[in-house]
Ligand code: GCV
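To begin, one chain is listed below as structure tokens, in the form predicted on its own.
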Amino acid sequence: MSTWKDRRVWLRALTWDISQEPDTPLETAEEELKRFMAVYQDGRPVVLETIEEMGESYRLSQEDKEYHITGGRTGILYGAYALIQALLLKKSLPEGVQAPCYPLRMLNSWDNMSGEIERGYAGRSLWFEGDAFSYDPARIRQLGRMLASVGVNVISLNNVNVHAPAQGLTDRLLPETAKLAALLRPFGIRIMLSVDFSLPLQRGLDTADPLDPRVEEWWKQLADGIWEKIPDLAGFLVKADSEHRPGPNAYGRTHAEGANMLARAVAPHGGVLVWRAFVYNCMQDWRDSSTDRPCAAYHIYHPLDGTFEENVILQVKYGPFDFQVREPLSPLFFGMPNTRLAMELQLAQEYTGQQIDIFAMPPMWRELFDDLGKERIRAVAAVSNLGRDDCWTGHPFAALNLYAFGRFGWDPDTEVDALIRDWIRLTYDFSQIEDEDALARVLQESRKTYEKYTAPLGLCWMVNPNNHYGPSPYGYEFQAWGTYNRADRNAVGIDRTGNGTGYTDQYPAPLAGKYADTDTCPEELLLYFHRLPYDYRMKDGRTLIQRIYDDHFEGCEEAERMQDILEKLPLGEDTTEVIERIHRQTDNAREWRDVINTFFHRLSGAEDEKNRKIYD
């Protein structure tokens, strides 16, 4: 196992030895507060009162010369972290009872038991290596502290693309799985397991048909055995009939029939069945212009609304494609009012810089939650950006995204600038407010900068195939994944209105009309919903092709300014890593600018009105 150092991430003032082993969230809260108050030297004791019925909720107050924390079994720990952060940030205590908006706030780990992490950019797995468990217990407890401090309460341990060795987590390796769960339990964090829908076929049955009583009984017995060892297991996570994964369609069954069978197996134990809605034709012929990948999930799941068991959560990616730089919200969020839904985000920056290029996600998430309304979903999940690197997240700034995910999961109305500044103050010791302001601006603007020098105006998939890093405008254009931009010498984009693929019709009336009309469609999504000629006039009078040129030049210039700012900031032990990565980012930005601009210049034949260099 590689060595590591305790960077203490955002709770840097907590310096006690995490190798100690508290048994409950209350004991953890007591120890955290005892150690912190000794360092903080406030002089006021903290009085804890546990009220079981409060669950994850808590209340903070200051009475005379004491702090009071009242909360449920886990709420008491969340209250302790809230008090610590308020004191560190010199903020007033929140008023009234504080409760999480979403009961399930989960990290999806795409860890393979080999130690590799699919789409992982922060080193190897924190708990797997060599097809076995392999971890430092102290670091696992530090992970628990870090996630609990922002309210994350579930981690799915293994990749949703379940590889053969991971099947052992449910039997041969179950005792080891239980040991890892025990390390996280004192931080109020439960584990979840990704399971293969066809597992009965691998364990002696001749079918995995969800309507076969033998299959249902098999899953029931498996669940009984797992919960006997891990009584607080959160549940199962399933990817089925997606990208060659097995599922109920092989038996002529619906996704509701498949999910419900598994849900009934875990229900007696209070478990949930999280079923991913990432399903589409991944073997599409690029010549087929009538099949539109973003339409697929709605066609499959909308007719099933209201047919899922109560403990099924349908996990829906925030956009209908696949974690692209800019997508609209999936229409499933509006089309399944009678189904429990989770919104799936991606902390791992698969298409957004791979934790090399800076891409602070809070501004993007703010837009999503504003458009969504918090009442439409019951849970939030995010593909983890964690790994065994010293700084946990590859790029030190990528820790902001992990911190923000927890904060948004607790309160989706969290204000972006305040959140970013909280993270900065909990992470760096800036003596000058100008330094904080500079870093806050870099982080606030990073998403817009990245978007400008990469895929323009809602176009997706302009990346190198397989590794998804770097520009390749036709990289996915002739492949089977349904990932097309249809750029030619006359126009670019796909008509997804009622006159085209009909995708806009999947939205409720106000949104459908907004997206279908070029006058009201947000310009950032213009080429997602419309096919337009290069001389199309944008709202500011520029032609479409000129806007594409301008964005890419501006994005590159903004990346270079980011480099100038970061080279001057006192980032302490992060300095070397940040400087190395921002230099890679500016190189990437130049490559993106030149490749994309040249691509569209060759297609359109239009010159840049500002006579800047385009390689022809």
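Just so we're clear, the structure is a prediction, and the values are computed from it rather than from any experiment. Throughout, we count residues from 1 along the sequence that is shown.
If you look for the form predicted in complex with the ligand, you will not find it shown, but the lines that follow are about it.
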In the predicted complex, do Asn161, Arg276 and Glu350 all reach within 4.5 Å of the ligand through at least one heavy atom apiece? yes
Based on heavy atom distances of at most 4.5 Å to the ligand in the predicted complex, which listed stretch, 372 to 380, 115 to 123, 353 to 361, 437 to 445, is the contact stretch? 115 to 123
If we test each of Glu415, Glu243, Asp285, Glu217 for a heavy atom within 4.5 Å of the ligand in the predicted complex, the one that passes is Glu243
Exactly one residue in Arg496, His255, Lys239, Arg105 has a non-hydrogen atom within 4.5 Å of the ligand in the predicted complex; which is it? Lys239
Quick one: does Glu477 come within 4.5 Å of the ligand in the predicted complex, counting heavy atoms only? no
Although the ligand is absent from this view, report whether Asp322 comes within 4.5 Å of it in the predicted complex, heavy atoms only. yes
Would Arg190 count as touching the ligand in the predicted complex under a 4.5 Å heavy atom rule? no
Distance check, Trp110 to the ligand in the predicted complex, heavy atom within 4.5 Å: yes
Pick out the residues of 451 to 484 whose heavy atoms come within 4.5 Å of the ligand in the predicted complex. His468
